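One chain comes next, on its own, written as structure tokens: the form predicted alone.
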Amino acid sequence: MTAGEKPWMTQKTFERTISFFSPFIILGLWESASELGWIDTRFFPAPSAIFTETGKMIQSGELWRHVAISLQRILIGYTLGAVPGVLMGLAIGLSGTIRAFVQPLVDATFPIPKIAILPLFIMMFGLGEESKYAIIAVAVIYLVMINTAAGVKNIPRIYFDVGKNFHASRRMMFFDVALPGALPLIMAGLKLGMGVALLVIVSAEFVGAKSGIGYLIWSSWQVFQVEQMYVGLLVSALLGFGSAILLNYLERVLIPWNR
């Protein structure tokens, strides 16, 4: 390439190309290894067999039923955890009194594995949907609250001083100063919360449900229907990928200055 000549592919285009084709390369290698007998198809069925089983489950409607109920549980539980998490995080970041009262409780209870308290929620709410919503909400609220509080602490002090000089009310300081300033870390907390919500709901559906993606994976393993088990894993991955795209788009809309 001569001096001054532009490369035929920029670095950004090259990286996007790799990102697009890498899953297909891995699937191709997996398929080839299955066909050549290099891996045990009893435990690692060929991708073609998994996609065939996916098509059958879509046509029968079984897959849609499991996905719909898991999405409903995730969305309701996530909302119940994310909204209070943001409000509590803003309050902790703005008020030293609230922080002094809440922080020790957060530090003491956050390390507890959230799935470990599922039996408690089942005793309190039964085997119905409420226990699923509760376990997701508890898992999400910590991550959102901690990130939101950290976001408020990272706001330059001058913004609060300007608000005080202009006699901003507490409501204005809460929603017009703290909330926009903490948005980058709030979005980080929301992304982490969604990932954890997906993990928790699948785990909760292993033992406390008769429907959903987690139930599909667990029941398929019990009867050794490995292809269906991989269908559940595939759907979980797609849900995580789709939620990441959605939250990244929301971040670009809400925080255009932070690209």
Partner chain sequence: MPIAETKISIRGLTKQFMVHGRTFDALSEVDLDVCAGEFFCIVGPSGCGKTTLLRIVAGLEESTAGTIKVNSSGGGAKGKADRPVNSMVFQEQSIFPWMTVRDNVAFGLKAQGLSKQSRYEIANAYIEKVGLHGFADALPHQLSGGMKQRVSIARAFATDPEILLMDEPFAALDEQTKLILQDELVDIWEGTQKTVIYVTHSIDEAIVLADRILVMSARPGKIKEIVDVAAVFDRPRHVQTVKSSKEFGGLFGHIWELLRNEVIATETANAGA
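Positions refer to the first chain, counted from 1. Worth saying up front: this structure is predicted, and the values here are computed from it rather than measured.
The next section is about a form of this same protein that is not shown, the form predicted in complex with the partner chain.
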For the partner chain in the predicted complex, the stretch among 135-143, 156-164, 86-94, 101-109 with residues bearing a heavy atom within 4.5 Å is 156-164
Answer key, the partner chain contact in the predicted complex at 4.5 Å (heavy atoms) among Leu75, Ala116, Met172, Leu127: the residue is Met172
With the partner omitted here, the residue among Ala168, Ala150, Ala188, Ile122 that in the predicted complex has a heavy atom within 4.5 Å of the partner chain is Ala168
Would you please decide whether Ala82 lies within 4.5 angstroms of the partner chain in the predicted complex, comparing each non-hydrogen atom pair?
no
Applying a 4.5 angstroms cut-off on non-hydrogen atoms, the residues of 171-202 near the partner chain in the predicted complex are Met172, Asp176, Val177, Pro180, Gly181
